[in-house]
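Take a look at this single chain in structure tokens; it is the form predicted alone.
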Amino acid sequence: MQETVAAASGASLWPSCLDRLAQELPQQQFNTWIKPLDAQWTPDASCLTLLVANRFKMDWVRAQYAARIAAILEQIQGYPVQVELALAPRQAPVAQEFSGAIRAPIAGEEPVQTSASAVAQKAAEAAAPDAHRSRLNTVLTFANLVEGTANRMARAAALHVAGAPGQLYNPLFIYGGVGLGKTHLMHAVGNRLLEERPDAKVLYIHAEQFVSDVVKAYQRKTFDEFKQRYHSLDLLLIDDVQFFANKDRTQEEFFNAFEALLAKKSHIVMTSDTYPKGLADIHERLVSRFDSGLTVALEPPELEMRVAILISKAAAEGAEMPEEVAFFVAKNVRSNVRELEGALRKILAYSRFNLKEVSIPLAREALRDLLSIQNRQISVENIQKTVADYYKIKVSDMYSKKRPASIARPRQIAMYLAKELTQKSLPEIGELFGGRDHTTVLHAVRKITAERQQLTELNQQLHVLEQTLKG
């Protein structure tokens, strides 16, 4: 029986899976969450994409049922089947189940190269024929990218590239931490170029996919096709180039593609989690190419930008975010856009489930776990002790007037962490560091911020300290 089904096409596998799920789940659960799913298979039936009506349902199905669906399909098929979820292309707005609000995909969400990014990508491909060849997420545009001090220069450079590819800023290298909008900017460049030049050859790809393509080209001896694909582009958008580390053959092929594209005045946009010279285990000649155009950083969004992001994304969800609530959330969620989106989803879901308007008390209740973690931990005194222990100096050195590098450096790091991880003002932080002036604290914060982007070792040390402090 299983052998017969395993040999069948993907079209017959999903009904078989539905039959199993109908037997296992209560009827109401099955009818609400499973029955409405629309299944799409890859030709070889190795990957199933389930199209879901809205983001809430997508998150719920992923958390509650995706693993079981994958297990059933593996039992039927005889080998593992990848299960992904995507938002179904919308022909018309869909009413939200609980409050009557209209739900739409959160605009501006930066995809990451996990199943979540594949989901966003497949949804975009289903919605637009051009996206299939470009792999662009058509939701991610300049129009829904909130501008602020943290991304102004990078956004301006990206706009210039989209308007005049192959000229200035080639390559454009965008770097910064997780969830700050690097991928959004790249998709925005590609989408804008295709608006103006629909015949342009554009490709968005993650560095890991490029690695996979190189491996397949060697295995199958299809390098002519590989080169035709990559060397003929007008715009190459490649995400997370730090994944090329220690992959010599991949680096060699990317160097060749890089040179071929520049020679024909095509444009290259790349992202990374660190400054080009901070990339580890990347060939020097490749790093020099990365650094030969324009390198711009994305910083964590400032308070006003975080507030604007929350209000904008709530509106995209068909909900209203009062300004005072946006400020409350922005003051408590400060690391990146992705965490802001997560907090927003919790608040909106809590509001809809409880049929209550969005307010500060409701937000405080919805985010109680996040707030309790923050409130019980980080104080300036705790930061000073943790940093002193890490760098093997005395806590008293944090307040002293001593200025040797072995003490001044950890002191600056502690000031930087105090500014990042607490809500203390610069004068308050200065007072807690032996009565220092706020300009001293500001200098330390700017110095460590800049060096963190360039020095891999310092970035790693700060990451360890942050994880220690956050528990």
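Sequential numbering from 1, following the sequence displayed. The structure presented is a predicted model; accordingly, all values stated were derived computationally and were not measured.
What comes next is about the form predicted together with a small molecule, which is not displayed.
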(message) I'd like to know if G190 sits close to the small molecule in the predicted bound form, meaning any non-hydrogen atom pair within 4.5 angstroms.
(response) no
(request) Spell out, yes or no, whether the shortest heavy atom distance between R135 and the small molecule in the predicted bound form is within 4.5 Å. (result) no
(request) Tell me, yes or no, whether L85 is in contact with the small molecule in the predicted bound form, where a contact means a heavy atom of each within 4.5 Å. (result) no
(request) May I ask you to check whether N144 falls inside a 4.5 Å heavy atom distance of the small molecule in the predicted bound form? (result) yes
(message) Within 4.5 Å, heavy atoms only, one stretch in 395-403, 250-258, 307-315, 276-284 touches the small molecule in the predicted bound form. Which?
(response) 307-315
(message) Considering non-hydrogen atoms and a 4.5 Å limit, which listed residue (S351, Q384, T295, T183) is close to the small molecule in the predicted bound form?
(response) T183
(request) Work out which of A164, V178, L303, V215 lies within 4.5 Å of the small molecule in the predicted bound form, going by heavy atoms. (result) V178
(request) Looking in the predicted bound form, decide if the C-alpha atoms of Q77 and E208 are closer or farther than in the form shown; they differ by 3 Å or more. (result) closer
